[in-house]
Every structure is written in structure tokens, then in C-alpha cells.
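Shown below, as C-alpha cells, is a lone chain in the form predicted alone; questions about how it binds or moves come after it.
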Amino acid sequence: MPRCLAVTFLTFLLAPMALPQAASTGALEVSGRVKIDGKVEKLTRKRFYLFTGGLKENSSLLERIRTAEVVSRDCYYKRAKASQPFICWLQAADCESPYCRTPSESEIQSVPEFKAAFTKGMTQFRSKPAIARDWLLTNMSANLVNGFYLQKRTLSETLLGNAKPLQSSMTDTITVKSIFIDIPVPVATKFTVSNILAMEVGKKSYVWACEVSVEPGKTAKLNLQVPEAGKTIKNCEVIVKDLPQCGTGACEQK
């Protein structure tokens, strides 16, 4: 072996081996299973936001959340002149809009808004019921289809103001978890997690704002809680309000 190559090879062997770089990202799991009034509620299809900094650093955002007016789903649809069967159909699966699930044939006939849209579709699509059902929502008024969503989106933009979420994630219907991945954390870092918009459970609304610490290479976990009377939850502010009642009437419990 030529001398120059031998020296190069020896230098390579003696050089310290490169160590793998420490993980610079972490993850966070937020459980949407919450015990409220002795019952475990599943908060599915609910969006949570992740903000850099703890509760102190996000105090302005928290103040906007505390003072926000809560407009319940039932009140919105009552004001939009939705029928009682339509409101009860939404309540049955905790839906915020008719996009939530597909109405059955019997529900199309029993809910006036669905029946009117189906009848219109049968005229448009030459008496083809399958097509009339597929295009049901296009024949309903926009305020009943996406009006509540648009109202909530406007409110979320107002609440966020200049606060820029690092990420957002929605709870699913299986694990009932909201998962944040690839969170940049060169060192252990504090974050604030909040759903921003009030979530309805029973006759109350709930907003959580919790401070969590995420470490590099690890998955932090947050289990949402509701404080007992006169008590607080460590590192969390839970804003609980009574929902306004709009005289929508009672729905049959299934």
C-alpha cells in the first residue's frame, strides 16, 4: 500500500466516530376523553391549537377567550329558523352541520329541510333518487349547511388576533386524541394548548388552555380535566360557561 494511502487510512481509523445528533423535535398527545359530572365524554372532531410559550406568554389570547360570547349550536339554528326535527337530528350525533353524517332515507322523510331538498333534487335530476340524495345539501339553504361553521371560523380568527398557532390538530373518532408531531424543541420548551372555541357538553361550554412542556425525542401527554367546585387544575385554565337557552325544545334521547 502506498505510504500516502496508508496514512490516510490510519487517520480515518483513529478519527472519533460521529455521534448521532440529538432529536430536535418532540410530540404531544391531547386526550379528548374528559370526565364531566361523573361521566366520560368523548370530544370527537374537535380542533386544538398549539402555541409557543406558556400561559403567561399567551395572556392576551387567554383574555380574549375568557370574554368571548358563546353562541350555542342550538341557538344558531333556532335563529336560522331551522325546524325542531333538524335541530334534533344534529343533536343525535353531536353534529355542528349536516356535513357531519349522511341522513338515512327515513330521516330524509322526517326532517323537513331534507325532505324539501330531496323533492327539489328529484325534479332537477329527473326522478333519480340516488342522485337527489347525493346532492341533498346543494338544495338546502347555505345558512343551514355551512353558516354555523363560517360563524365559528370568523370567531376563531377574532380570538387568535396576532397569535400564530404553531400547529393545529383535530381529535378523531377512534382514539379521541389530537396529536401534534415534529414540534421543534432543541431543548425542553413550554407550549400552550387550547381549543380556542367553546365545546358544548350538556348545558355548558368548555374551553381549555393548558401549559405543557415538550422535550426533544419524547411524546408529552395531556389529559384534559374539569375542575371540581372551588378547585383549579395545575397548569391549566378551564373556562366553563352556561350555554344560552333558546327555547328549542327537548329532543327524544336515543
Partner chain sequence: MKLRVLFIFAFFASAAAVMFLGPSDPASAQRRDKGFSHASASHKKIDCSSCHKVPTSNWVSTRGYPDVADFPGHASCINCHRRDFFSGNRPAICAGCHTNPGPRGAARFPFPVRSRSQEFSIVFPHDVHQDLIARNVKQTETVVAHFVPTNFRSADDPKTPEFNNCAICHKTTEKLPKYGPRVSAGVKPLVEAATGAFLPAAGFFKDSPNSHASCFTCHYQNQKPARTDCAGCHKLTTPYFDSNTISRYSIKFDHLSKNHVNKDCMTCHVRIAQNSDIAKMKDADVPILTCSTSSCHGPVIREEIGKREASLEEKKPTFQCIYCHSPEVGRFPIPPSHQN
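Positions refer to the first chain, counted from 1. Predicted, not measured: the structure shown is a model, and the values here were computed from it.
The same protein also has a form predicted in complex with its partner chain, omitted here; what follows describes it.
Quick one: is Lys164 in contact with its partner chain in the predicted bound form, heavy atoms, 4.5 Å cut-off?
-> No, Lys164 stays farther than 4.5 Å from its partner chain in the predicted bound form.
_Since only the chain is shown here, I'm wondering whether Thr158 would be in contact with its partner chain in the predicted bound form (any heavy atom pair within 4.5 Å)._
No, no contact at 4.5 Å.
Contact of Val212 with its partner chain in the predicted bound form (heavy atom, 4.5 Å): Judged by the heavy-atom cut-off of 4.5 Å, Val212 is well away from its partner chain in the predicted bound form.
Gln91: heavy atom within 4.5 Å of its partner chain in the predicted bound form?
-> Because a heavy atom of Gln91 falls inside 4.5 Å of its partner chain in the predicted bound form, the answer is yes.
Review point. Of these, Lys56, Lys35, Arg45, Arg64, which has a heavy atom no more than 4.5 Å from its partner chain in the predicted bound form?
Key: Filtering the options by heavy-atom distance leaves Arg45.
- request: Sort through 186-194, 212-220, 225-233, 64-72 and report the only stretch with a non-hydrogen atom within 4.5 Å of its partner chain in the predicted bound form.
  value: Result for this chain: 212-220.
- Query: Who in 138-155 is close to its partner chain in the predicted bound form, meaning a heavy atom within 4.5 Å?
  - Reply: If the 4.5 Å heavy-atom criterion is applied to its partner chain in the predicted bound form, 138-155 yields Thr138, Asn139, Met140, Ala142, Val145, Asn146, Tyr149, Arg153.
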